[in-house]
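Structure 1 and structure 2 below are two forms of the same protein chain, each written out on its own as structure tokens.
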Structure 1
């Protein structure tokens, strides 16, 4: 009745495992978290975790992948849209910041812990991550051609700054669940567009 019950259950539980790992890694860091923590957080015993992951490292990789997935996907939507630069930038910031709320902690883990993955595992991540930054850079290059950003703008630097600011806000967002994301998004976009000074 309920569909492919056999592997369906597995997929569900594995998804739960990834989320549990995301949450634990986000709060304790990769090395600070134990597999027992993860297991407990999803209500199974430590050894059982290995039914879903071959290793702790694989768990980290999955979490990072999850963190990136929607994030990259949304960027693709934004870039393929036909809106003015300012609107796009707002969308980027909004997507990034809201990521910290919804997609709970996986994105934070990607930002903070991905370096603990061995080079081999990081490759897939890098592709997606670079893709993201390149799309952002491309957006700035378009804006440059359109004359809506400063002529001397270093697009690589600009992309990095957007990401940097958003990440800095991530700390605040995760720590304070009451924070008004709408307002924060505005402020970030304003800062990026017109800076802090009076005209």
Structure 2
């Protein structure tokens, strides 16, 4: 029993360390931050931080994974419900875009700093990103089979396009805090569902 409580305490402390790293990286940037900054924000000695991370690089990887997990989890919930395709697509766009407006420091670090990780450390991030895209592809395939999207739709390209549009609009959201998120979500979804031509 004692072992369980000590491992639970370690898990909680490590989660605190990841959140502290997210906050430091979000405010100072990866290159502007140090492990001493992370330790200081936790109120511990710098040497004690190595109990949770072996390096600043490892801390960045864990922060990026934390930022991605919430996105992926929300996508899992959206694709598993039985709402009509149009409602689920709206939910996907809203979920993706709202991440840029939320005070989610880990997600901000993922968006801004992940490319500083070496290829070997980006592998787990790519797996999560691929899982996200594959779930979206599956949603398009189900819509194709149900006859609610055009028969020649390339589901892989469609999923990549949704992600690309959301990422591009996310940059606008970050730059303009006054931007109406609901209106932008509607416009993006309408463009994806209806296109540009007059019907």
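Definition used throughout: the rigid core is the maximal C-alpha set that superposes within 1.5 Å between two forms. What you see is a predicted model, and the numbers here were worked out from it, not measured in a lab. Positions refer to the first chain, counted from 1.
Undergrad: Only one of these is the form predicted together with a further copy of the same chain, so let me know which.
TA: It is structure 1; that copy is the form predicted together with a further copy of the same chain.
Undergrad: Verify the C-alpha shift of residue 187 between structure 1 and structure 2: is it 2 Å or more after superposing the core?
TA: No, residue 187 moves less than 2 Å.
Undergrad: With a threshold of 2 Å on the C-alpha, tell me if residue 116 counts as moved between structure 1 and structure 2 once the core is superposed.
TA: The answer is yes, as the C-alpha of residue 116 shifts between structure 1 and structure 2 by 2 Å or more after core alignment.
Undergrad: Align on the rigid core first; then say whether the Cα of residue 165 has moved by at least 2 Å between structure 1 and structure 2.
TA: No, shifts by less than 2 Å.
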